[in-house]
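Presented below, as structure tokens, is a lone chain in the form predicted alone.
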């Protein structure tokens, strides 16, 4: 029966690391056209590639749950309690989200503008025109980590340790031994939970204090609950923006006409950030599991079937973005991308990521007349996040 399921041959590669180290979009275009809901025989999941179907799965938590795992590697896993907020469904997800929402409300993000701007301008000021520079370690990695470290109350000098912790969590981001990754994750939890509990005695105006003093059902959060929140905040708070910055600058370097448009008309920067989010899709995919028999695009879905939502494909869907969906257009409007997810699981830190993306772009546009790819561009093989290992660019003098 499995052999009769649609798209088996095409879907066989959707979690192949080699696909993401190169260009996955020709495969996704073929899937959207031939088998929008396709079966991956080897791992046992449905690959969902169109905008309409991805948003339907993401938006219907009663039919497609997160609690049975959000990653392909979690197929068959059951959790006594959600390891992250991303693994929870309403009503628990709604309660969890309310606890951390105050740390990301518009007034808090707006207050971070001068902090983000100072960090970004300091990093950009170190980029020398005419030199071949790898923007991943020089700009894309440190900026969001410095910002999220400040939000979490982590000392500035520890941001590089936060980077290692974050890398250890993301599947496929690094090829470190499993023992090292487990040790780093344990160290991360101990550090962040300990720092948060210390805030109960001496609270400050930061996210750690919000969590330290928060109560769920009348009780303060347990160590396991604190770990759940903190790991997600650290990882999600830097991974999306890091990949947006690195992959976004590569995209502009490859399309000097779009960079020139932004230089000539700075009012396009906000729409430019949205287009770079669509184009790069920093979060490539997440999984859901069917809680009952249903169908998607006429394809029968059985209870217990995992479904991989490919945001990276949905963001190039020609039926939504038109015949130029495969072109970068910094003035694109409207732009209903789902780079931050959809529905209840819409990214809590979206406003912060947008702020950081806008500020970085403004700082670079104000200092450099152009940029070009001048060396290696290396992507990770992760099918979860659009990671960049190296992005060597050359900036032109103003």
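Just so it is clear, the structure is predicted and the values come from calculations on it, not from any experiment. Positions refer to the first chain, counted from 1.
Just so you know, the form predicted in complex with ligand HEM exists too; it's not on screen, but the next bit is about it.
Taking the partner from elsewhere, residue 311 is found to have a heavy atom lying within 4.5 Å of ligand HEM in the predicted complex. Mapping the unseen interface onto this chain, residue 361 falls outside it, with no heavy atom inside 4.5 Å of ligand HEM in the predicted complex. In the predicted complex, at least one heavy atom of residue 341 sits within 4.5 Å of ligand HEM. Ligand HEM in the predicted complex is approached by residue 282, whose closest heavy atom lies within 4.5 angstroms of it. The listed set 209, 289, 258, 232 contains one residue whose heavy atoms approach ligand HEM in the predicted complex to within 4.5 Å, identified as 232. Of the candidates 180, 297, 97, 161, 97 is the one whose heavy atoms come within 4.5 Å of ligand HEM in the predicted complex; the others do not. With the partner left out here, ligand HEM still marks one of 112-120, 197-205, 83-91, 215-223 in the predicted complex; by a 4.5 Å heavy atom cut-off that stretch is 83-91. Along 215-250, these residues reach a heavy atom to within 4.5 Å of ligand HEM in the predicted complex: 232, 233, 236, 237, 240, 241, 244.
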